[in-house]
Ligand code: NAD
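Here we start with a single chain on its own, the form predicted alone, put down as structure tokens.
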């Protein structure tokens, strides 16, 4: 079936994008061919007065299928840069054909339009968007280590001017149709029911010929702009500034401001170079290829379908309620169990609150909300679990409590049921001792908040069967999460890497490094929030409890006393974090952060001079990379794809890098090992390079094939 098809009536040609087998369109090489053919037919048809390009799906497009890039590289043989440039010139020629058409071409966007979807619309003479509150419009490419290269960078500069275009290109900003209209990204917004009639009327009326740059109009604000120069300098300091695409995009924008033709040529040349840079390859591989492979079952045992029919959730607190919500949202019946009815009801109320918000924003009809809530049964009796084929316990991180609910649940459920623990730190081997069926015991570690976090960590214990792993993976697929499978160990993989990162933040504070410098360094790495802010969010007292439990379990092998001392001192000051409105940060009466607490500089004498931002960033990045490599070296992690996807999705590890393993390959194992040696000499053995990294440095090895 075609991606695009052409329908003509009353003098208007409708080019309808409806890619088979996908919930949202993405541009493929086949799609480009079909768009060109349909456009050509409409342009030469004397009966056609105007053209509308739209989508038969609720959204317009999510961007480009990365197989296009792979295909262009492969087709060029020994000169991939030339192949990429030829492919981009073909896209530019097609979009330029739309732009220079002597018949009006109107883009009608029913919903989300991202990447090349918006670039296609920008080549049209007029863009009409539906008033769709959940639609996202923008060019997010820089966040993935590339930049818009199908004319979007050039057209946005020529449309908005250098300074205003910077917000959308250098910040990779997304907006809804209301924001897109206000910014000038689209020219008109109408109710969804009026979208196609409006677009057809505009196409028939000869709207928008020609575009401003084809009328000889200069770039708004001029070909040079001091305000843009300031923004460009600042962009190099932000997380995405670490990607090679930032400097390339700035050069493209300056070229576009001088002339449309210069901008298009710069896009072609610079994007081809960026796409061949190791950092961009790593980022795209993780964000698209590896993520897709894992979601499609790359690590799934070869067994029949194990989809969950009825889920039991033990514990209706924040995590249990979140798990119940995403399962019910996916169409799974849920038994949500807690010790008291009021606690179970509160768990179900969490789902009701989320659903009511979706209804209020127009994202969901009330009937669907009611159906989803109807799938959650809030109970106190274990007998209600009798028909469940998967049980997930989400009770306190206390082995005794977990053992008790495990025994009670297994006594009430079928012998074929799989039992899973949502523990975030406790080894599955120990928890499975409470089970009469340890081969059916598996870890399923969700991240908080469950409804928003994409990653699920599935932990295979020493006795866990393939069927239990397959069940967990199939459940992750049902609820549209990205799963990784790891072998059992304390902290598993994600928290194993997060803990050293947070501990390094604490060490830095304890050494007298300014808290503001620590937080800024975290953000410049691309971490979603600063490490101290994250500690406040999870609570200081919880951090102390985890540290105490880890020290008790590890004994002499425990090495984080210097970091713990900071948490313990803060706890002694009565600062628990956001939960009591005082932690590393102060909080206002409305609960918002009011800034870092001034007392930190009193408790820990400030270094003079302070270390450079680069040194702080190196420490924060390397402790995560070293721990990730150790996890792979020790067999906790079996596949580096999973490590990179988990790092980016699970705790926001420098998304521009493609994850810790992709980053090592991009920088080079030799250079990373050298940096480890330098930091170890100055800051201690926690920075010593793992044996695997040292051997890779000596042999020129890589984690991924070259």
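Computed from a predicted model, the values in this text were never measured in an experiment. Residue numbers count along the first chain shown, from 1.
Beyond the structure shown, there is the form predicted in complex with ligand NAD, which is absent from this document and is the topic of what follows.
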Query raised in the report: Only one of 171, 295, 634, 397 has a non-hydrogen atom within 4.5 angstroms of ligand NAD in the predicted complex; which is it?
Result: 397
Report summary line: If we test each of 581, 503, 424, 268 for a heavy atom within 4.5 Å of ligand NAD in the predicted complex, the one that passes is 424
Requested in this report: Determine which one of 278-286, 260-268, 330-338, 69-77 lies within 4.5 Å of ligand NAD in the predicted complex, judging by heavy atom distances; exactly one does.
Outcome: 330-338
Query raised in the report: in the predicted complex, does residue 402 have a heavy atom within 4.5 Å of ligand NAD?
Result: yes
Requested in this report: Answer for residue 549 alone: is it within 4.5 Å of ligand NAD in the predicted complex, judged on heavy atom distances?
Outcome: no
Query - residue 187: touches ligand NAD in the predicted complex, heavy atom cutoff 4.5 angstroms - result: no
Query raised in the report: Do residue 160 and ligand NAD come within 4.5 Å of each other in the predicted complex, heavy atoms counted?
Result: no
Query raised in the report: From first to last in sequence, which residues of 544-579 have any non-hydrogen atom within 4.5 angstroms of ligand NAD in the predicted complex?
Result: none
